[in-house]
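The chain below stands alone and is given in structure tokens; this is the form predicted on its own.
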Amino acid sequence: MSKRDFLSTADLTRPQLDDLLDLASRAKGKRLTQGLAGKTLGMMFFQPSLRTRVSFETAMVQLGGHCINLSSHDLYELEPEEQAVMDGRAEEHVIDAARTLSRYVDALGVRAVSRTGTWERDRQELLLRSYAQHSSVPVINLETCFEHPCQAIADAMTMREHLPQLAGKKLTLLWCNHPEPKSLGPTHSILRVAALLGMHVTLAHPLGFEVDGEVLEHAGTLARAADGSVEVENDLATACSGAEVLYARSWGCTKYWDDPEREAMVKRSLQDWKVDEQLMQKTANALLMHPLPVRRNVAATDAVLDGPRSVIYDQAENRVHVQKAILMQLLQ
């Protein structure tokens, strides 16, 4: 049996997504049997992590397995390019790291979010994809600049718990200001998942902060097949009108991906792109979602983050249950 990886929401069919969500729902609130007893998950974090690391470790322990967590301090600088002449800073090629780690663990998780060059380079997810190519055990995407599939599945689970039917519901995926350049991973992943679920998605952002064109086109195709829709809106108030889910998230400017100073200059005039009580009143009593961490009173105000329609901690909790479902599907 060939190994299975969990790399992208683009790889999911609707039945596969439903199966994963159903399994996560059954796992919630239960101490499952030791289905992964003796199994080891190795996780490599090239950037900081709170929810992803803790939720995966908790999930693995509850299933009877255990984790080995490696940070950038534990890892050599790696070369992901094929046939590279390694006379630069990289000490080890991913080929050798992946093949070695495959002898130690039963699955590998990789978080690699840093900007390493142009958008055209970073959208290729070279480090993650190289691990997947050369590892003989399943590889899980723990977030890249391009995708964060584990987060999006937990988001879908959260929406499904609070809304009786997701098909036909309006989700506004709203760009919010942030002082630092952020990845497009959560944005791309929830965009695809919501489209696959037949939601009417409004992607709201100021000019200059467009998402990847290939992802947008694919999401539109998925939505049409599920009787949903995807549209783009550049006016903040218009985008939020009638929304039943308001998903706040900052993401970087692909045009200035390799020029963060230029991006910061563009964002100076966009401080009104945040969620406050006035904006929430334009929605149809929407759920407020954010994948965390959140810059309070920059991306969203305290009043809405701590308000009665906020489900941000439900999203965080559901990461554990989704992680259990992913691990069971890959390792049992």
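Keep in mind it's a predicted model, so treat the numbers as computed, not measured. The first residue of the shown sequence is 1; numbering continues from there.
FYI, the form predicted in complex with a small molecule isn't displayed, but the following is about it.
Segments offered: 22-30, 266-274, 47-55, 281-289. Contacting the small molecule in the predicted complex at heavy atom distances within 4.5 Å is 47-55.
This chain is drawn without the small molecule; in the predicted complex, the residue among 135, 172, 141, 151 with a heavy atom within 4.5 Å of it is 151.
Contact between residue 192 and the small molecule in the predicted complex is not found at the 4.5 Å heavy atom cutoff.
Proximity of residue 319 to the small molecule in the predicted complex falls within the 4.5 Å heavy atom cutoff. Put simply, residue 188 is far from the small molecule in the predicted complex: not one heavy atom of it is within 4.5 Å. At a distance threshold of 4.5 angstroms between non-hydrogen atoms, residue 293 is in contact with the small molecule in the predicted complex.
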